[in-house]
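Below you'll find only one chain, the form predicted alone, shown as structure tokens.
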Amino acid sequence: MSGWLVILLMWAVTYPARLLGLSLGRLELPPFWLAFLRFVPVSVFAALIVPDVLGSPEWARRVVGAVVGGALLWRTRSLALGILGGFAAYWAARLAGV
């Protein structure tokens, strides 16, 4: 398969999806759908993080880091502080032999 054909097929797949997303910006959605779409990033984030935390052989350390990072993020609303705190808790648990 040639490179140009691959690029053309990738365009044919992605362009209509992006065009649909941009055209939805002009619609006024009912409150139910607005509330539903507000939680999509949270559920996608949880679907990405939970298997990595619980499916690892070092799951105990990762749970400590995730809980501390999540608590810092919830209390301070600072993403950077949540990430740094989660990593610090993970490494502290690792040094402590958890």
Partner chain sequence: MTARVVKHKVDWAAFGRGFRVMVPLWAGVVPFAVAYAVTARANGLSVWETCLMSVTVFAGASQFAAAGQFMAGGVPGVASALALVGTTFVLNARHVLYGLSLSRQLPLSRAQRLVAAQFLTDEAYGMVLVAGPRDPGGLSLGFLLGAELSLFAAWNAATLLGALAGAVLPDPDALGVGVIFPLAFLGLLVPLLAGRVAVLVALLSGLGAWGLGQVLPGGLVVLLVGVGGALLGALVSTRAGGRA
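By rigid core we mean the largest C-alpha set that fits within 1.5 Å across both forms. The structure displayed is predicted, hence computed values, not measured ones. Residue numbers count along the first chain shown, from 1.
Form predicted together with the partner chain: not shown, discussed below.
Colleague: Gly3 versus the partner chain, in the predicted bound form: is there a non-hydrogen atom within 4.5 Å?
Modeller: Heavy-atom contact with the partner chain at 4.5 Å: present for Gly3.
Colleague: Do Ala60 and the partner chain come within 4.5 Å of each other in the predicted bound form, heavy atoms counted?
Modeller: Judged by the heavy-atom cut-off of 4.5 Å, Ala60 is well away from the partner chain in the predicted bound form.
Colleague: Taking heavy atoms and a 4.5 Å cut-off, does Val98 contact the partner chain in the predicted bound form?
Modeller: No, Val98 sits far enough from the partner chain in the predicted bound form that none of its heavy atoms falls within 4.5 Å.
Colleague: Looking at the partner-bound form in the predicted bound form, is Ile7 within 4.5 Å of the partner chain by any heavy atom?
Modeller: Taking the distances in the predicted bound form, the answer for Ile7 is yes, it comes within 4.5 Å of the partner chain.
Colleague: Taking the partner chain in the predicted bound form, which residues along 38-68 bring a heavy atom to within 4.5 Å of it?
Modeller: Going through 38-68 in order - heavy atoms within 4.5 Å of the partner chain in the predicted bound form - the hits are Arg38, Phe39, Val40, Pro41, Val42, Ser43, Val44, Phe45, Ala46, Ala47, Leu48, Ile49, Val50, Pro51, Asp52, Val53, Leu54, Gly55, Arg62, Gly65, Ala66.
Colleague: With both forms fit on the core, has Trp59 moved 2 Å or more by CA between this form and the one not shown?
Modeller: Comparing the forms between this form and the one not shown, which are aligned on their rigid core, Trp59 does not shift its C-alpha by 2 Å or more.
Colleague: Taking the rigid core as the reference frame, tell me whether Leu19 has a CA displacement of 2 angstroms or more between this form and the one not shown.
Modeller: Yes.
Colleague: C-alpha of Leu79: shift of 2 angstroms or more between this form and the one not shown, rigid core aligned?
Modeller: Result for Leu79: no, shift under 2 Å.
Colleague: So the C-alpha spacing of Arg77 and Pro31 changes by 3 Å or more in the predicted bound form; is that change toward closer or farther than shown?
Modeller: Compared with the shown chain, Arg77-Pro31 is farther in the predicted bound form.
Colleague: Since the Cα separation of Ala71 and Ala35 moves by 3 Å or more in the predicted bound form, tell me which way: closer or farther than here.
Modeller: It is farther: the C-alpha separation of Ala71 and Ala35 rises by at least 3 Å in the predicted bound form.
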